[in-house]
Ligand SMILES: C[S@@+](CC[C@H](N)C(=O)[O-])C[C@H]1O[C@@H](n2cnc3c(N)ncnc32)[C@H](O)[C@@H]1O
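Let's start with one chain on its own, the form predicted on its own, as structure tokens.
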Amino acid sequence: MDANVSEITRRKWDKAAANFDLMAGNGPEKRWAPFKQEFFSAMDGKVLFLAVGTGLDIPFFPENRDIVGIDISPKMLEKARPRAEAYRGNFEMRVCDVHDLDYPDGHFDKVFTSCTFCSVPDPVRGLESLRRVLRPSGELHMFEHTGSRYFPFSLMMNLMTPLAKKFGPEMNRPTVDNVKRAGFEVDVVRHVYLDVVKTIHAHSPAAG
């Protein structure tokens, strides 16, 4: 990833960190809490979680897991630290750009994302990077909001995206298609709210 793009992204989320809990911690997190608790229950083995943000998802993680959580924003991780320290298990946090992961090939058993790939600057490259650090047949689990196929939601998201992406997410990403383009095999897609909020479950192809 171009260093300038990475720095712009880092600054954007550093700036958002101060008020992120106020924006996301009440309505959205409370609404999706039951779905996320079930979603994260599949965590086991060596887990990579992208992106930690201020740690709002951490209370939904099952206990006694081995998790590495990364985020491009140091200020987000500062805000997340109390939640990370309260986690009953092994939870390591690192500042890291998903486009340039410094882990060896096949290092993780599972990768989890939560409302992340609406904001990754180059989503296919980011997903390819995740596939590299997953073991063969390793699992990708995504809780994401995406673009919609249905009117008027599709029109609304297309109109909102130019403004929204300046401050946070893009609203109309074709994330399921991007997962396939990155070389994953999609197992199941479940709609949580219309076709906008969904879980995507995929795996890295087996070796050979």
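Each residue number is its position in the shown sequence, starting from 1. Owing to the predicted nature of the structure, the values given are computational and were not obtained by experimental measurement.
Keep in mind that the form predicted together with the named molecule is missing from the display, and what follows is about it.
Practice item. With the named molecule left out here, work out from 102-110, 84-92, 134-142, 118-126 which stretch has heavy atoms within 4.5 Å of it in the predicted complex. Key: Of the options given, it is 118-126.
**Study point:** Candidate from 176, 56, 43, 68 lying within 4.5 Å of the named molecule in the predicted complex - any heavy atom
**Key:** In short, 56.
Check your understanding: Can any non-hydrogen atom of residue 48 be found within 4.5 angstroms of the named molecule in the predicted complex?
Key -> Because no heavy atom of residue 48 falls inside 4.5 Å of the named molecule in the predicted complex, the answer is no.
Point to revise | the named molecule contact in the predicted complex: residue 9, any heavy atom under 4.5 Å | key: Within the cut-off, so yes.
Practice item. State yes or no: in the predicted complex, is some non-hydrogen atom of residue 130 no more than 4.5 angstroms from a non-hydrogen atom of the named molecule? Key: Looking in the predicted complex, residue contacts with the named molecule do not include residue 130, since no heavy atom lies within 4.5 Å.
Practice item. Tell me, yes or no, whether residue 76 is in contact with the named molecule in the predicted complex, where a contact means a heavy atom of each within 4.5 Å. Key: Contact check for residue 76: yes, within 4.5 Å of the named molecule in the predicted complex.
Review point. So which bits of 90-116 sit within 4.5 Å of the named molecule in the predicted complex, heavy atoms only?
Key: In sequence order, 96, 97, 98, 99, 114, 115, 116 come within 4.5 Å of the partner.
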